[in-house]
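First structure 1, then structure 2: two forms of the same chain, each alone, as structure tokens.
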Structure 1
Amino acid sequence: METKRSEEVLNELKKIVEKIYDQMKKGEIPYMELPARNKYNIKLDVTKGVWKYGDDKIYRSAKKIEGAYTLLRTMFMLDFIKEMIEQNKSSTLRELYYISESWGIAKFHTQDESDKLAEDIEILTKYLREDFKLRPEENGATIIGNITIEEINRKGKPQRINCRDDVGDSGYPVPYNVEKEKINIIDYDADFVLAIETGGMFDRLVENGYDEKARAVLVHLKGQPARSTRRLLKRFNEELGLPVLVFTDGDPWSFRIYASIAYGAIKTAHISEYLATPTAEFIGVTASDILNYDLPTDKLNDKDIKALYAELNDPRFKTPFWKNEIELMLKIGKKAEQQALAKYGLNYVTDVYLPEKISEMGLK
């Protein structure tokens, strides 16, 4: 049962292989051309406000052993995807990695390799990996807040869930597919979305009843947010017009979490316009917060410092705000966790810190 879209996908996949085949037939060393996937090759799409890959290309040629291996793996992966589409099957990225065990010398050595190649194929075909019947096993985010969605459940029936009243303490778990065919937003009564990095802080806000007190939709990111989480944040922002605020630890890695939500991740810059929420704002913890709120800190380690310097070179962070904050963090040589706010008591974050920061932003 091939839908029209599946047929189009198959066609795109075939085109990649045909190119390689033709090169060899002509006696040329086979190669593939791809955008360079690094921070030096992402450009701001001014009309959409997101960062996408620029014009720098890399040539993956069979002249070198690594290139040859990747081309071979690409052939195997495309063949496997073709089979899944034809047989109407799907697999997780993890399963794909294990499937490659039977590919002989073409097998992957880490799941990173297979994940990255799946992304390469997205870039080459301009389709999403879901179209290739590949899905992440990653744990999506959880949500608590007064928002009602309708999810098509396992039995194919729509099921309404209010993310405040119909869920337990851990909230509504975001599935990996959050497209309209799976999830529809029915109703909401909130003023903004607050995306939170750590479970500890999420639980604190829930316990303090912050979602009701501040009319907020709380989203637990679970670290670096999965694609579906970022996609859903974007839908809340675009479809409901809710501002998205990001609340993380105060360290270079958390800055990157914000960047991936607001500007798009370097790894997935080919689908930035689909995932990124350009108007998302960073609440904290900032380097200035560390000083202003006199927070307990840890010393920056060598990796932290390297990451901060890398961010100074990252085009996504080239704004006066980020330049100041990154340089300040390097200057004080300190980082802080969001839970460091507990220094002033358990209610401090909800009674003082968040209201202050939010009014500073002119939101309330």
Structure 2
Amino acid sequence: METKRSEEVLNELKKIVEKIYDQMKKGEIPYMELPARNKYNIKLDVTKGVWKYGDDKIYRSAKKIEGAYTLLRTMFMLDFIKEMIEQNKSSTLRELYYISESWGIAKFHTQDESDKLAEDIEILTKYLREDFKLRPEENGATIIGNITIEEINRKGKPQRINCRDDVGDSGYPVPYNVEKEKINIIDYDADFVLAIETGGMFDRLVENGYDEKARAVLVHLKGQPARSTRRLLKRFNEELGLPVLVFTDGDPWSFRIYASIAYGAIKTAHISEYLATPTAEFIGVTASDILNYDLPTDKLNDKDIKALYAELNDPRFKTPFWKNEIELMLKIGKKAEQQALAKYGLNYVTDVYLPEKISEMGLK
């Protein structure tokens, strides 16, 4: 049975088809207009505090053969999405790529092509790929903390789950769709959300009982967080008023994990207002921490150094804090993992490091 949101999505898909049809009916060469998706077309949306695409446009036109193929693939994909919504089925992005094998000359040559076209349709409709019943391959986060959610289960029935009392050590696994039609937040008893990069550190905090001790909701990001993870962090922040703290390793790639949570990423700039949490605070390992806590380190490699210099020119890192920390990391030539804090014992991170860092932020 179609929901109201599904009906709205179908209407937007129909508009795309009708626009192409009207162009052809008038004898015009059909085309689609989209924002240019590159770092030169990113600007800060001051009203929302996130990075969005600017005014530069690109055109997918049938004037050239490759553009014609793209428009043909678009029609096939729209029809496939329509079929999934009507039949209440879903597909992974990988399955979509293989399904296109039956589309004849419209089939995709690589999954990157099909993934980008799914993003194009998000931009054109202003809906999420989750609304199209398209699922990523990667898993979302896992959560442990005193927060109760009501999830619509596979039988279409609401099921209440407390993410501390009703789960095992691995926590509550976040599904790919975390919109209100799927997940409602019923109740909570916590002071902040701690988003953790690595599984080893997540397990350490769980074993140490940090969620109860610090009244925290612990979220395992699993590296670069999935879209569903970032969306749920935003919901916790906006709907519950919980501060979001991002706890990562001390290296340029981990800094980008924070940036994607706080400000969004180039690839998903068209939906930054749905995914980004501009008030998120970085509580991860910094170059200053490496020196102040005398942490075990690894030497920066050439890719690390190149990434740090790129971040100095990244608008998401244009603050005195990030400038100082990135320049200091380049100066000392070192990086460190979260778990380097185990140098001082298994309880150090929960008894000393996190309380000190959180206190500096004025949260405790």
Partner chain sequence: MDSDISEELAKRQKEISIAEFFEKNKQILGFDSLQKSLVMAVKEAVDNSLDACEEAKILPEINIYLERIDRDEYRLMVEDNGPGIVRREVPKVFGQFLYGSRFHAVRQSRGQQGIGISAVVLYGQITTGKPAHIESKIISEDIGYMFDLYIDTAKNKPVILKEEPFLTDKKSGVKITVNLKGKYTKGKQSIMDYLQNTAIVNPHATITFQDSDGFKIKYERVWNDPISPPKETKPHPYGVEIGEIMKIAQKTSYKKISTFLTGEFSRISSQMANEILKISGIDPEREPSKLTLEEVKKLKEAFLKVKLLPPSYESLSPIGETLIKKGLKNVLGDLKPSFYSIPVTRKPSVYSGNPFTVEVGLVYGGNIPSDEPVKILRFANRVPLLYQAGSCALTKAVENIDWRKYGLEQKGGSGIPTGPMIVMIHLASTKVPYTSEAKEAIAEIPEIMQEVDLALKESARQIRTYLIKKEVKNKLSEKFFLVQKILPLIAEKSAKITNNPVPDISPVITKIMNILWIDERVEVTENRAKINVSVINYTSDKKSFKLYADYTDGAVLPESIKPFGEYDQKNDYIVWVIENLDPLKRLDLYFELEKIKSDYSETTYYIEGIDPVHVVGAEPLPGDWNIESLKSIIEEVEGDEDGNEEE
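This is a predicted model, so every value here is computed, not measured. All residue numbers here follow the sequence of structure 1, with the first residue given the number 1. We call the rigid core whatever largest set of C-alpha positions still superposes within 1.5 Å between the two forms.
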Working through the pair one at a time, identify the form predicted alone and give its number. 2
Compare the position of the CA of Glu33 between the two structures after a rigid core fit and state whether the shift reaches 2 Å. yes
Flag for Tyr176, CA shift 2 Å or larger between the two structures after aligning core: no
After the core is matched up, is the C-alpha of Thr110 off by 2 Å or more between the two structures? yes
Cα of Gln23, core superposed, displaced between the two structures by (Å) 8.4
Taking the rigid core as fixed, quantify in angstrom how much the C-alpha of Ser90 shifts between the two structures. 3.3
